[in-house]
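The form predicted alone is given below as one chain in structure tokens.
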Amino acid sequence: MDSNLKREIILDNYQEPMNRGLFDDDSYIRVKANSENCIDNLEFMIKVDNDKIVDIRFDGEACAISTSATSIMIKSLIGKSIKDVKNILTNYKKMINEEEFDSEILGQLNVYDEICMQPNRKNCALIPSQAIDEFLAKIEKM
């Protein structure tokens, strides 16, 4: 993917993130994710129906990378089965950690394929996956 296109996708998702804003609804599972290294502190609401993620919302304070990664992650996971969500997360984390991954599965999340060149930003890009991991752990206990 062209570096200008990557920058445009990241900026668009930072300036106008998908599903920003929380509300009261007990049918959602709430999780939080934060970084020890910077300002990133996000809360997520995730709704599952028939083993599929039907909605994800978020809010909080975060840098451009965390906010854009969260927005793109939301777009990538809504409508997916839990099995597909796990596969996307596995490949996303492998990409961020410079391991072999399947880029076909990641779609726009591929914009972070060079984030490893800025090691201090890797944690920022992993904030949404941290929240989804916590969510998956919660639903497995149910």
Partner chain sequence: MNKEDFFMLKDNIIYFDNGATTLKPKCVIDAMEKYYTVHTSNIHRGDYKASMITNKLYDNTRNIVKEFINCNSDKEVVFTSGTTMSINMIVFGYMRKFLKKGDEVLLTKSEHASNVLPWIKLAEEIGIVIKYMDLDSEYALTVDNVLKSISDKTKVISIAHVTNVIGDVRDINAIGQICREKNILFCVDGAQSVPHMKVDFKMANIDFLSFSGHKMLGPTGVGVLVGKEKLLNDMDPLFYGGGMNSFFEADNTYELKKVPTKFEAGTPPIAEVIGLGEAIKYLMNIGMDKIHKYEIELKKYLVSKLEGNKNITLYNKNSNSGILSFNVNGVFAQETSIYLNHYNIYVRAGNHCTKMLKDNIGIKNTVRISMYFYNTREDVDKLVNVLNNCNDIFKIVL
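Worth saying up front: this structure is predicted, and the values here are computed from it rather than measured. Residue numbers count along the first chain shown, from 1.
Keep in mind that the form predicted in complex with the partner chain is missing from the display, and what follows is about it.
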Does any heavy atom of I39 come within 4.5 Å of a heavy atom of the partner chain in the predicted bound form?
yes
Residue contact check: R121 to the partner chain in the predicted bound form, 4.5 Å heavy atom
yes
Contact with the partner chain in the predicted bound form for R7, defined as at least one heavy atom pair within 4.5 Å: yes or no?
yes
In the predicted bound form, is there a heavy atom of the partner chain that lies within 4.5 Å of any heavy atom of L11, even though the partner is absent here?
yes
Thinking of the partner chain in the predicted bound form, which stretch from 64-72, 87-95, 100-108, 47-55 has heavy atoms inside 4.5 Å of it?
64-72
